[in-house]
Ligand code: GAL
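Below you will find one chain, with nothing else, as structure tokens; this is the form predicted on its own, and questions on how it binds or moves follow later.
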């Protein structure tokens, strides 16, 4: 009898694995199962290609009220073909309730991204962090490291970024006004620079974010800052675990978030969204000859029905497909704040032509 029960369980498990393996196409917005037949739980995610496999890191959401808070941590999945995903477990676990850690259970931990540092042979994770029960007032960046791509990751620290540092493109007018105010004199700071000046001493805000490693190995942290009014692009140290103090402001006063970046034929392309909370809006795009800018806006990259809502999604990452020059996949999230765990993934192929990129809706597609 025991042998019969064991055989039945093995047969059932095999059937489940077969039912969720061997995918041959992408189905944007549909439920996407892992190797265990469980819906993939990696929201606001990013991708790392390492030693022949893709590693997908994202927010592990839970059901019901509070599902958008970090109750578990950062989930990791891996794949060789981008269709079929193996559950690799929790790469970074939140700290126990009551621990007092910045990443204590119940905090807000969003948009985790992982990059590999060849010099240190470490995997480095950055994420947007809000302290438990503090809403979105902290606007911190957290960093963790691991010797293994799937973790476990060790949390290092969290805080505001580039404290006491002016951006490379700060205006002389703003800097002089800030210095006058610090000296107790009357001065007027330009309206679009008031949050930059306000946060100069304690560090700049950083919310929606991504990471980018250039061809020369330099890494950059790109994040919504200054109460989400301005995007900042900051250089990381050689070990990728801190900031060098070199950064620029981009799209000042344009209220952009959800940055996603890729490089193609020596040009840098950004995709972003407007700021409308969980509700989708029209995406924005830009191009530059240098990651630090100057950036030129290109308008909404989406074409067709629901383009004004980015096909009911928001950008999180632009994924270059290994071995396929010029093939980029848009990774977006279709948020469901009323039941966060049911948020869906929108992956679409990116078309690059005449110095800009575009996306069109496809209910199903293949590499």
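Bear in mind the structure is a predicted one, so any value in this text is a computation, not a measurement. Residue numbers count along the first chain shown, from 1.
Absent from the display: the form predicted in complex with ligand GAL. The rest refers to it.
Peer 1: Would residue 277 sit within 4.5 Å of ligand GAL in the predicted complex, counting heavy atoms only?
Peer 2: Flag for residue 277 set to yes.
Peer 1: Quick check on residue 83: any heavy atom within 4.5 Å of ligand GAL in the predicted complex?
Peer 2: The answer is no: residue 83 has no heavy atom within 4.5 Å of ligand GAL.
Peer 1: Is residue 104 close to ligand GAL in the predicted complex, meaning a heavy atom pair under 4.5 Å apart or at it?
Peer 2: Residue 104 lies outside the contact set for ligand GAL.
Peer 1: Although the partner isn't part of this model, could you tell me whether residue 257 comes within 4.5 Å of ligand GAL in the predicted complex, counting any heavy atom of the residue?
Peer 2: Because a heavy atom of residue 257 falls inside 4.5 Å of ligand GAL in the predicted complex, the answer is yes.
Peer 1: Going by heavy atoms within 4.5 Å, which of 195-203, 283-291, 107-115, 171-179 lines up against ligand GAL in the predicted complex?
Peer 2: Contact-bearing stretch, as computed: 107-115.
Peer 1: Check, residue by residue, if 162, 226 and 251 all come within 4.5 Å of ligand GAL in the predicted complex, counting heavy atoms only.
Peer 2: Not a single residue of the candidate spot has a heavy atom within 4.5 Å of ligand GAL in the predicted complex.
Peer 1: Judged by heavy atom distances of 4.5 Å or less, which residues of 302-334 approach ligand GAL in the predicted complex?
Peer 2: Residue within 4.5 Å: 314, and no other.
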